[in-house]
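One chain comes next, on its own, written as structure tokens: the form predicted on its own.
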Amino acid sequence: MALTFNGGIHVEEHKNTRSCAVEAMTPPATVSIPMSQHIGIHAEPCVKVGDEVKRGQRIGDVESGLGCPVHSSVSGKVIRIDERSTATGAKIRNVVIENDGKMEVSPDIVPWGKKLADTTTEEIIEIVRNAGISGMGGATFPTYAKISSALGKVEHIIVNCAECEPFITANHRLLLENPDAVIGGLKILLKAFSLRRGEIAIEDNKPDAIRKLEERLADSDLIDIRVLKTKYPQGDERQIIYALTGKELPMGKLPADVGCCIFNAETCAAIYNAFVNGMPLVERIVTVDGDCIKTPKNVLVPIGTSYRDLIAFCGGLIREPKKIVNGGPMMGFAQWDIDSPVTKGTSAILALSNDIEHHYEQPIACIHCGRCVRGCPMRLMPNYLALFAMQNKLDMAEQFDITSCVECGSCSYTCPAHVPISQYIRAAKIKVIERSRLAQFAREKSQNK
């Protein structure tokens, strides 16, 4: 019987590209590589305009603090270092590289010289850090820091292959086409944590991938395949932990605090690639889909490729999109600039028309049906939270635990009145968190007087 969690919803899957094998994209004429593709401190460019760079060469670094180095995805010349605005409005420096078409690999790229059995935990962490690997499921937390902070606390290493967002099939295709990289990455993580067993969690709507994993792991006693019920948001780490262990992750705590550490499937493959080939994270699989895309595909994309070039590789647009989304339609971000670059956390680019992305003209009003409450995986009361948000009653929103919202969008999806509940909650949540930070700052300032 498939494992699951309390709450959640069933969404229209739109897994149109599940049968589309991954195609390697022809590298574009230029790439624009952001110096921050991760949670933490922005990297500082370590190249200058006019420098010749090779594929895999480090072009940005973080000397201290939480952060990841950044590498070139092509060989060529640095033609510009400028600032660009992200979808959230943040200003990020980008290193723009003119591709010379040669794809020459940096001489620094060499496989790890030791067997896994002879490699220490510290060496694995250093390999992962030097490769610039951050979470590729969307969270983008630096992977080396996740490993370091969880050492000695963890009993369960879980590979998240749920991929519960509509449209996205990048992980599904990875498991079908290169399962050994995911399995190999998990084995490296098991060595880092000195654990003997790991788990691969996958939804039951991917029977072909489950069979492929069972074939590969038939003679292995290191890894268990855990089949999850197809339900949204099954890919959220709290829901996976509950489904697999029965443990609830308290708000403000990390998975390691309940004995778990979770890694995305493509993150595991990137760890394996860094260990076996020495290649840092310079490309990733992206699902390109939506009813405005001529030929939806799964594409292996050089980091820094613009959405425009990626969409052109998929045949271009067949109609004017209402919205272009980075990520899935439930938790992704609408984009205002089609020339924005693909980053380490870009799992999908969706071009959606009004036929899919509905627009409602009538006034919105809660009809008190309770569907949002039944569907909330965090067992909150989204109807009240949205009401408090609209009325700017932040104290009441905080009392109703607004900061526990994971912004999955289940409430908005199920609302028959089409109230944009999650948007109201997200806006109020930002205000509550900022107010709390300012209060903390004021307290610390008062204590230091």
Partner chain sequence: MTSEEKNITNESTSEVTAPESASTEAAGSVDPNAFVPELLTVTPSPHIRAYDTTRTIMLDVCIALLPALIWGIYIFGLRALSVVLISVIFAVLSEFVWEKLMKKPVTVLDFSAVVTGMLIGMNLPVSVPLWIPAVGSIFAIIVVKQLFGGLGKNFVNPALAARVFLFAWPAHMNTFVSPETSLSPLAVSVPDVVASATPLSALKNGIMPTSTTLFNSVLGFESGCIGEVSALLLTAGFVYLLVRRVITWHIPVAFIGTVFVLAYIFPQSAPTLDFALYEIFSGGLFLGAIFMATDYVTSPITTKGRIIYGIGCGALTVFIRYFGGYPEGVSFAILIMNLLVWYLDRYTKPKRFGGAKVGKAKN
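Positions refer to the first chain, counted from 1. Here the structure is a predicted model, which means the values were calculated and not measured.
As for the form predicted together with its partner chain, it is not shown, yet the points below apply to it.
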Testing 413 to 421, 31 to 39, 46 to 54, 61 to 69 against its partner chain in the predicted bound form with a 4.5 Å heavy atom criterion leaves exactly one stretch, namely 413 to 421
Taking 4.5 Å between heavy atoms as the contact cutoff, choose which of Asp257, Glu122, Asp208, Glu214 touches its partner chain in the predicted bound form.
Asp257
Listed residue (Lys231, Arg173, Arg238, Lys146) with a non-hydrogen atom within 4.5 angstroms of its partner chain in the predicted bound form:
Arg238
My question is simply whether Met396 lines the interface with its partner chain in the predicted bound form - judged by any non-hydrogen atom within 4.5 Å.
yes
Using 4.5 Å between non-hydrogen atoms, is His368 touching its partner chain in the predicted bound form?
yes
Closest heavy atom of Arg308 to its partner chain in the predicted bound form, within 4.5 Å or not?
yes
At 4.5 Å between heavy atoms, is Lys91 in contact with its partner chain in the predicted bound form?
no
In the predicted bound form, which residues of 326 to 354 put a heavy atom within 4.5 Å of its partner chain?
Gly328, Pro329, Met330, Met331, Gly332, Phe333, Ala334, Gln335, Trp336, Asp337, Ile338, Leu352
